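Next up: a single chain in structure tokens, the form predicted alone.
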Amino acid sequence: MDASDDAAPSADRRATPRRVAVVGAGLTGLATAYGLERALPDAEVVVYEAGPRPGGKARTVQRDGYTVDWGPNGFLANAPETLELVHVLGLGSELQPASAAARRRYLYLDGALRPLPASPGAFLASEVVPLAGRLRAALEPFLAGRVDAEETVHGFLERHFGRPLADALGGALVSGITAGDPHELSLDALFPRLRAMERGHGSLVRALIAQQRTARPRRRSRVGDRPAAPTAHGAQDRPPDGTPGRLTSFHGGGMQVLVDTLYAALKGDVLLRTPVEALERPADGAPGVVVRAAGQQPQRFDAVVLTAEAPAAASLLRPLAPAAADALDGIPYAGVRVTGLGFDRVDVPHALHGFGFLVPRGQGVRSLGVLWTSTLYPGRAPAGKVLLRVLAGGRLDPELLSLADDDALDAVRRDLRLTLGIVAEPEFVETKAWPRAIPQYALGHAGRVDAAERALAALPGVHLAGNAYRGVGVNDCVREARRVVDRLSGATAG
């Protein structure tokens, strides 16, 4: 299927008592539309997308034997909603788990790549933090204390482990997920599991030790630590249990496989290059929402699901629900430039045995991190070649996105010379700049989302979904789609 086609073919539909519009054909929008068609087989679902292709930032380019994801490079195979979606779409046999080498991750710190510790015990011998910082971190069970108020990621780490560790790991922790600033981002909104661990054990160290103790017997009781479905290309098409939470993508086309399969599976209209220009209440006072879209006659729907970026959703909601629009406008975004580079293996001095590395700020390296994609997913580069995926920009370096492609490439290649010793010209280069790549869950984020939802309670039929609200990953997008589908199908059934 050519993802650049203007629209998916429409299927004949039976008369239905319900019409639903989905605004945005990113991963959340496609999963929402697909879920609605399954849950409400008599409903008419129409998807509006401003861009020329579906998938949003979940996009993959394939050229000259290289495969580069422009957005997410996989999902953790431990979310039942995503695993069920993969199974229902018939993609279980196409799952490609990350290689075992991906467990090894690095920080570029003080002029060298340093392995990230994999356990509390290993941390005490790690070079990532100076000795004084490690000693302070070892006292975490006794010195962390407890704070009931919302905290930044950096503030939380500093309270538990001291400033040296917070400075070394805080930026790297969030840059690999949101390209954000740990001094801005809300620990409670972005990493609620860490807060739950603190509340359950009073200490993160105690919580991690407890997790390791409970995990060991389970691993020993199994033959291998992963089921067949997510590890073998030709495995039986069934949903893997995903217990280890292993990073997983798809053979043959990366995350584009999921997007293309969802797109092809939809029965209703997907109107590409058709931005929604306004939402209105019906003039006759009837229930529902009128959608005005470019080049289309106004259409009335019983429900509208806004899966577009928060600023776009805010613009559509401002005439009808200004308080919701104000709340959504308070959600900032970080821009990211993604660059894929291919090299001859002999031109890369480093072994590249691992996931890649992240870079804390202040190390003289502009890039946020480098993923060793051809190690992570074998087959993403031709034989005898390697593929690197460089992420740069982010909340703390927005100027990088405004550079011309050649200037940005020069900055990236300088970073690769410094960190990996690569001086050769790349034989493959692809770059993509996303001005609004990742929403930032700054302090007060949960309150902003709650305020938007409360304001929309006065506007029946309009729903929000997407990575701007309750999680930025692929699993979060699929979970958001399921949440809205369950709400709408439950309302219909009742």
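Note that residue numbering follows the sequence shown and begins at 1. Treat the numbers as computed from the prediction; the structure is a model and nothing was measured.
Same protein, other form: the form predicted in complex with a small molecule, not shown, and the subject of what follows.
For the options 455, 437, 43, 442, the residue carrying a heavy atom within 4.5 angstroms of the small molecule in the predicted bound form is 437. This chain is displayed alone, yet in the predicted bound form one of 411, 168, 276, 197 has a heavy atom within 4.5 Å of the small molecule; that residue is 276. In the predicted bound form, the small molecule lies within 4.5 Å of some heavy atom of residue 467.
Taking the partner from the other structure, the small molecule in the predicted bound form has no heavy atom within 4.5 Å of any heavy atom of residue 35. Within this chain, residue 57 lines the site of the small molecule in the predicted bound form, having a heavy atom no more than 4.5 Å away. With a 4.5 Å cutoff on heavy atoms, residue 50 counts as touching the small molecule in the predicted bound form.
Across the options 445-453, 35-43, 423-431, 57-65, residues that bring heavy atoms within 4.5 Å of the small molecule in the predicted bound form belong to 57-65. Taken together, the three residues 28, 308 and 312 all come within 4.5 Å of the small molecule in the predicted bound form, as judged by their closest heavy atom.
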